[in-house]
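Here are two versions of the same chain, shown separately as structure tokens and labelled structure 1 and structure 2.
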Structure 1
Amino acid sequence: MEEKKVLFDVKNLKMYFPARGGKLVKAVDDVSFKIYEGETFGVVGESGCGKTTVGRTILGVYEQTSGEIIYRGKNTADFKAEDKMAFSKNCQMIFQDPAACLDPRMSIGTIVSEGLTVHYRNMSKAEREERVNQVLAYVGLTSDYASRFSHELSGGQRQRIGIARALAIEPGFIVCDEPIAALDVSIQAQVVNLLTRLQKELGLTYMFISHDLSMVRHISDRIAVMYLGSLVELGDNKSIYGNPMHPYTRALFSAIPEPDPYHSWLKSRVHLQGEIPSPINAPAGCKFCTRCPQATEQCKLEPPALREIESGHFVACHQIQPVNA
């Protein structure tokens, strides 16, 4: 069996933001994981859990508070100017809010070709226009859209422009931050099928961030579950959805709508009590202990480590012991 190549090796990543009174918002708090070449690495969790911040931090949009981001065996903190340029070409992002990331003063053609201008300086104007038309066609838009401006487009069309912009310079890794949230259901399937096809054809690697648990299950090879800035469970698609172990993961997955009315009656819904604590003042022990029905005194005092419970299946919970323990 061929050994998987590690694209990103993230170690003890922390991303803190200053808040009033000298306090810190611990958006990402000691997170470690690996992303392998050619896979789709799904990240799920409630709003505010740090999913988007993780994606932006590993791409260098934010400078991490501490921890290491190893890309192809090299620490991004040690990158020189030429390394940063190559990294920015190979690693792109599809942002969550298309309206906020498209310059209203620039035409769509200029927006999509901006990366080409930076990274392909020898490309002629005609070649750039041809590439823009090609990626617009990828996302279901005609070449006429190149002359339009973002305020003339619907939310779904803007999101497709964001996808086209990311694809234009042919990256190898894309952080997909809620890439289908603003699209109609029929278009969602088209975009996901497009991303899947491009991944196979071009050997792309994705970090797929989404609230849509069913879509994450459909597209992801491995999945990380986040809660209040921390990883609580990590494993392959089959183990995470087939055997969720962490109490938060079970509660999260129990909320997935069941289309079959018969099975929806049989499905047991887990109702969590209380509200999510503030990332400024998180619990001292396990961050989920204030809402977990299984919490003990140990949970309230000692943060659980992310441990391998089964082969490739990691869980951060004191109440769950490794199979061979």
Structure 2
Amino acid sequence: MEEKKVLFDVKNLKMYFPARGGKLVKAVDDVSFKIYEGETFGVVGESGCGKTTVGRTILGVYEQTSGEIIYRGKNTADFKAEDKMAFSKNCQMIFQDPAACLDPRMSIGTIVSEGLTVHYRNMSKAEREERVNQVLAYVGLTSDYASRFSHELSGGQRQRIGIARALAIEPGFIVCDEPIAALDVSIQAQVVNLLTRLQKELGLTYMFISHDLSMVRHISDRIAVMYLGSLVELGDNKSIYGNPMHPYTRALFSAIPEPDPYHSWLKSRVHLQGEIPSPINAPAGCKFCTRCPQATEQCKLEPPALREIESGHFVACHQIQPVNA
């Protein structure tokens, strides 16, 4: 396999938000990972694990508390104005709620061409229209839609418009933030098929954030598992799903409902006690130690580092030792 090109290199990213009473919500707490060009990088975790914040922070929606985000070898903190423009042209986002991500007062055509007016200033009106129609065709909609308003569309159609808006300026990287969570089962499949098709045709890189573990398994090349702001496990699809090592990952994956009457996932799952602590009062050591069946004194005191256990498979757990160590 040839050397993969690194698109994003995220190092020790921390994103804290001020909370009531002078406390801090540690939404993302010391997370490092790389995203390679052309891959789908899946991020999974339960609510409050910081997966959305990670996605938004690397796109520059929030200014990180600390840590570095290196985009194509350049630190985003050192970006000049033209770098920022190039970055925003190249890195886009798809949102969870298709109803909320479209301005109700704008026609679909205006929404889709919004980015064109910024990044393709020289385009004539006719060219812009043509581009809008072309992008709409990409996502499987006719040019009739350009003059419509979002309230006239169904949920699945709106999500396609959200995708078309991002695609219009020909980005290379798209953060998909729970793009299917608000959709019906049959529509989910439509959107996921569209995303995989577009990736093949346009060579896109995705960061696919979702709590739907079976969809992430379906679409991702590499997967990061997050728990309470920390990255607990990172690896390629096969090793994460085939050989989950972190106790949380194991519990999480065993709780994926399997549509199979002959095999009860419910009974065979790894049982987890208790619930996720609030990110304001997260445990000092390993974030998972309050619920982990294997937790020791060390886990309570010391946060585990993310170590490479197998080639390309990283786990943050004191109890798991590298294979060839």
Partner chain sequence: MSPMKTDWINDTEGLTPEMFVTVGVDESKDRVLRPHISYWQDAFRRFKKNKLAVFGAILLVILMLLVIFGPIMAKHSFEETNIAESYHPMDKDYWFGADKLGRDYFARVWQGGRVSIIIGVSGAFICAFVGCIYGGIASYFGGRIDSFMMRIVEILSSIPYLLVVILLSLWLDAKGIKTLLLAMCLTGWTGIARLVRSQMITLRQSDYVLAAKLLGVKPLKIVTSHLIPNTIGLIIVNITFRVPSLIFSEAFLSFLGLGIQSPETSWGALCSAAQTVFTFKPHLMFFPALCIALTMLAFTLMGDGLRDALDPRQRK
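Counting starts at 1 and follows the sequence of structure 1. Note that the rigid core is defined as the largest set of C-alphas that superpose within 1.5 Å between two forms. These numbers come from a predicted model, not from an experiment.
- Only structure 1 comes from the form predicted alone.
- The rigid-core alignment places the CA of G156 2 Å or more apart between structure 1 and structure 2.
- After superposition on the rigid core, the Cα atom of Q188 is displaced by 2 Å or more between structure 1 and structure 2.
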